[in-house]
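Just the one chain here, laid out as structure tokens, in the form predicted on its own.
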């Protein structure tokens, strides 16, 4: 199985670190899982204009194809102005309606305010559901205080436990889909 993680942050490392932690946790649970991190900062994704995918640049085409070819995915977003990142929303605008059919789609989010923990629930879950993604029962919201100021690694053990549980549930659900 191939698990692709998408970090929708255009600045900072926290969201990318959180998504990567899910990928690492998944590989520790099942060594046969192949993972790939797509950090949107490393790509020049075209602005979605409603054109066919072939009309966009190579980075855009490659990222969309990697997502469509993944068995399951985990999405990470920073919370800006009580919303998901514009870069992640733009990426979603490039996808076909059934992009995540028969795929588990996990969620991690990072932010400065504890008041934003419901943004993934009320904004990202409906988007993933629209694309026919199967969404695990839990998502992981990480307040910026949970990161080490110097290394930016997650130092809050409860967050690490929640990441482990998310990876476990995602694998369990995806295996269930593939074994039906």
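Quantities reported herein were computed from a predicted structural model and do not represent experimental measurements. Residue numbers count along the first chain shown, from 1.
The same protein also has a form predicted in complex with a small molecule, omitted here; what follows describes it.
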property	result
Contact segment among 25-33, 46-54, 137-145, 59-67, judged by heavy atoms lying within 4.5 Å of the small molecule in the predicted complex	137-145
Selected contact from 88, 107, 104, 79, since only one has a non-hydrogen atom within 4.5 angstroms of the small molecule in the predicted complex	79
Contact test in the predicted complex: residue 163 vs the small molecule, heavy atoms, 4.5 Å	no
The small molecule contact in the predicted complex: residue 112, any heavy atom under 4.5 Å	yes
Interface membership of residue 9, the small molecule in the predicted complex, 4.5 Å heavy atom rule	yes
